[in-house]
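So here's one chain in two forms, each on its own in structure tokens, numbered structure 1 and structure 2.
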Structure 1
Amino acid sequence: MAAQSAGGGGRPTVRTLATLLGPAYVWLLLTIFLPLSAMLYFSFLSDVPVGAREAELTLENYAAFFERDFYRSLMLRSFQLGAVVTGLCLLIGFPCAYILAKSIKGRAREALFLLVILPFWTNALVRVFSWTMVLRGNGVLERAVNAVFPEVGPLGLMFTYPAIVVGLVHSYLPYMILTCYVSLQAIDDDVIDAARALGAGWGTILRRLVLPLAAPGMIAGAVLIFVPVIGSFMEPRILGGTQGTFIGTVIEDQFTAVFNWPLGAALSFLMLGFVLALFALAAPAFRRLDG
């Protein structure tokens, strides 16, 4: 017994844990925490310290957000966009995940699962530009609709808010399907059959059994979608035109067009802070849903 506890049968030692986890934490330090630290430092500077420019520590970049209604309205608009896209992904993705997990078996499931992950095999920019071919005037969608309903006329979908939502839902829907599929796949079919045998209707089974057990997947999918959608700039800029101004596009402009890195960094950390605050407020609801 002593030999077993001293060998590989006992708990892993600190040295073993450091050996196994060390490379991962070093990688996170170099690729995430150091860049974030640099961004945090830039957010308190008055200017970019390049060449002969002199930079001083200041809070003006953070104060600009609270002094200008423009930034606050864009932040709220971005959060609303995230909520809309996340809700649509849940409404579309959960039924798809349920069908994949419980209704389709064998090769058909593998083929459909391949179609779900197929968008990940193409570049995001290519996916967004493909929607411009579909949504633009005299595009694929408008021609198809006018061929069936000639009286409809121009749809005018390009460079609108719905076009942004369509592009974002298409980009992030697979995340919701995959996370919900994992949770639904873990539900034993015998549990659902037992509920039916006891006389429970489909609505009761869905509300009292399936949704609570699938809650972790839905929560994970919502987080994976909501966070990047808030800061998205490619889909709003390409598909939204003048309607595509959100906090993410403003941040991207500060870094690439205006060369105002301190303000862009400050807006980025403010967005991160609001997201963390929102998750902190929603944590009790998430725990009740998960429980």
Structure 2
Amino acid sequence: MAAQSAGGGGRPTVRTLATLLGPAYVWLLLTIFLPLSAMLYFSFLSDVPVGAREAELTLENYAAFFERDFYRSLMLRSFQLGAVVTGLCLLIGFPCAYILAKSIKGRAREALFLLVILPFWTNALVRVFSWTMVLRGNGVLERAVNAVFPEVGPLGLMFTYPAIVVGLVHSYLPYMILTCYVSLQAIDDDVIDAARALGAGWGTILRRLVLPLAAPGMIAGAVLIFVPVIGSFMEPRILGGTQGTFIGTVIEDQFTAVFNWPLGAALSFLMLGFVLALFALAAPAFRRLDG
């Protein structure tokens, strides 16, 4: 009887598995894994192998990145943007998740939680666009500020780096609140009470108990925000204007404007590679946080 687990004890036939899993994974193979492999292959080509064009294997596309300051500084700029946005999301989102998980109870909590994460599933493009209504010259924010402090004058926020940051934080904040909330909710209130009974102050409880226990959620949130922010191109274009050149927009250009697919592919994989390298470097710190 010990040999039977709750649900995983069965020994399926290959046919059963193929019927249940086959369609989903063939689909993913065709739309995710083969395309990524094809793109990797393209990144080593000298040209797009279409029609009469001759393409040969080359490392040129990767070399271009290391030879030209332009791409390197853009990559750095994108990573900085990712760090700033992730940091702000953590700073704003963690307290929010804590209040939701520990200070508000019952139906109110459920409703508020829903309100907080609802925007995440609504249209990201539209939400970014909605900031143009707020930030633009003579927009809502500028008028509100000037109504109180007439001497401020034009804010000039639209098409700036801060505008991009605000839009991205707005886009990804719910993710951080969600992941932090899940890990904070898992902390038994008795544990915190026990620490208080033992004489721990709030600072100690936060540093020694809450933060370590919530670390998995914070890390998950950070990863889930950092990666897509680095690959963002729509947000910088809408809110950044001429200030909105990042590695993401350059990659997009290679595919939609310049038609240098091999270079775009190489830049994409370099971006992925740097992200993975960064995570590998940060892994020991993550593990320590994880306790």
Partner chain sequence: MSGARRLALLGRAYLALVLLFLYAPVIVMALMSFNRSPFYTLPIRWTTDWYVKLADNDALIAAGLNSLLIAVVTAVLATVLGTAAALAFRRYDFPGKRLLQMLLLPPIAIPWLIVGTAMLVFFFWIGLGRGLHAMLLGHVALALPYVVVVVSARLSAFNPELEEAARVLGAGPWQVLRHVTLPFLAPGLVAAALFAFAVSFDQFVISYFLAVPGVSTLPVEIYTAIRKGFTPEINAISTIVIAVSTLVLVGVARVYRFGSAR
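Here, a residue number simply tells you its place in the sequence of structure 1, counted from 1. What we label the rigid core is the largest C-alpha set whose atoms superpose within 1.5 Å from one form to the other. This structure is a prediction, so every number in the text was calculated from the model and none was measured.
Between the first and the second structure, which is the form predicted alone?
That would be structure 1, which is the form predicted alone.
Is residue 120 one of the residues whose Cα moves 2 Å or more between the two structures, with the core superposed?
Moves: yes, 2 Å or greater.
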